[in-house]
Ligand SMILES: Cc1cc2nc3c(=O)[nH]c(=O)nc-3n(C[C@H](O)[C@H](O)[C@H](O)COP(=O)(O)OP(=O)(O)OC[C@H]3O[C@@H](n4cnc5c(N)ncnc54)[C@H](O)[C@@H]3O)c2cc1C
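One chain follows as structure tokens, the form predicted on its own.
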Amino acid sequence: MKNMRIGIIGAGLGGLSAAARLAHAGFDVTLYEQQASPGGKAHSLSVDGYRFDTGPSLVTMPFVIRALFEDVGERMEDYLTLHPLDMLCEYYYPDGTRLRAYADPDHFAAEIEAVTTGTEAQLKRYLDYCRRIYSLTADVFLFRSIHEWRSLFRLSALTTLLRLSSIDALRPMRAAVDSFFTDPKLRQLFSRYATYNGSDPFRAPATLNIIAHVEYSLGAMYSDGGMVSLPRAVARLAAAKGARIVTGAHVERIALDGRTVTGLTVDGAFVPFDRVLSNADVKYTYERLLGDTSAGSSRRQRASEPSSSALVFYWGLRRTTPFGIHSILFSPQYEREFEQLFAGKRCPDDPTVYVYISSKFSPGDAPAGCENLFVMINAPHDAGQDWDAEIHRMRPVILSRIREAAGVDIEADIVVERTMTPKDIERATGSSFGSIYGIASNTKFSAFLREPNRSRTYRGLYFCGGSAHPGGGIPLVMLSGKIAADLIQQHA
């Protein structure tokens, strides 16, 4: 094992966490990243005294991060500092209502009763339902490969398979939410969690209500130094364990002998490896790095519906706003928003707007008396749209929504402005079509369509990251790195 060479493509959190685990286990690990620094979608942008997280903005399932450090004999606190959020998000509705989602369930229930027609009993019944789905599915679908026989024959897996009706996969997420709440504001709030994996709540299976349990019952946190501090910490961990991280490196090809991986071509040079782990997008890996459009996995990726993407404005303001760290400004036409995203493949005319301000907890991210706004709307995957035109069309809509919600007109106070489109996401990260989460979970069987962590087509090829099992989002991509690392060790 000491002499077995592992090549990893991509320094997203999946690839970084796998590198740390494999290097700790004694493998000779080299990780290649095309960008100038590790992080994948979790990068940082600094302009004229303003710093912005460019991707994820919230840490959930923090025990997954802690487990990575502990599993390789380190303390998370020596690398990273996380703080719990007392208020998870503030929700602004078109009629002027503002609802604060507190981390404490009792406090949140009191807020719901004060602001909506919902009740404490409804909330607790819903969260109990979400917890039951988590308890049935987490061990089988999140923490292990669902494509390995040894995983499926575990007692917990068999129990879950025998109780499929209990994970509520046969009705849409929104239908399930509606069965718990009559208040339209709460129906909209709890439906939004489908967007955490780029899906449509009106079509995605109700099993995705597991996400509400993750956020409300398992907790949400922020990180000192912003979200970019997380990949930087994991990169330091991987390097401390002996992994080599090569940035600014372009992997051009996965080399093969028949159907067996033999190494990588990196910037024109062949580098031999015994195993290759791709943290790159699955479709990109098959079609660009393997030149294979005929493999079953490649065909399945092409046939699957891409997840949604994002249109982001990074605005540095020379003033402050009434917003908290995380704010959602809801659209008045939620179902139409998703119809336009997935069927129309266009940014919604009347979008839900997400505002994240890291300078609220990290003052160094903006000059004194100023704020850094990460402002995002859901966008369709790139299908050849004119993104400059979309930026021009959506900018005044978003500014108007902020003015209505916060009571302030920020346009004249924007002194720094940058944007990111689905095309930019694809260019920077290799994510096909700029889809943030690979494929959408808009069918009952989407979870089974994600790429296995061990290739069935090529011997010695493994996958991790948002387009592979178990899916996108910080904890899941880190779990995909763990699953892939475990499989490499099992098959070494």
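Treat the numbers as computed from the prediction; the structure is a model and nothing was measured. Residue numbers here begin at 1 and follow the sequence given.
There is another form of the same protein, the form predicted in complex with the ligand; it is not shown, and what comes next is about it.
Tell me which of 94-102, 331-339, 390-398, 275-283 has residues with heavy atoms within 4.5 angstroms of the ligand in the model of the complex?
Residues of 275-283 come within 4.5 Å of the partner.
Answer with one of T429, N442, T30, S44: the residue that has a non-hydrogen atom within 4.5 Å of the ligand in the model of the complex.
Result of the distance check: T429.
Among G460, P56, P62, P452, which has any heavy atom within 4.5 Å of the ligand in the model of the complex?
Exactly one listed residue reaches within 4.5 Å, namely P56.
If you check in the model of the complex, is V251 within 4.5 Å of the ligand, heavy atoms only?
Yes, V251 is a contact residue.
Does I483 make contact with the ligand in the model of the complex, using a 4.5 Å heavy atom cut-off?
Flag for I483 set to no.
Any of the heavy atoms of M420 lying within 4.5 Å of the ligand in the model of the complex?
Yes, M420 sits close enough to the ligand in the model of the complex that at least one of its heavy atoms falls within 4.5 Å.
With the cut-off set at 4.5 Å between non-hydrogen atoms, does A310 touch the ligand in the model of the complex?
Close contact exists here: in the model of the complex, A310 approaches the ligand to within 4.5 Å, heavy atoms only.
Run the contact test on I9, F374 and Y437 with a 4.5 Å heavy atom cut-off to the ligand in the model of the complex and return yes or no.
The answer is yes: all three residues contact the partner (heavy atom, 4.5 Å cut-off).
Are there residues in 449-484 with a heavy atom within 4.5 Å of the ligand in the model of the complex, and which are they, in order?
The stretch touches the partner through G465, G466, G472, G473, I474, P475, V477.
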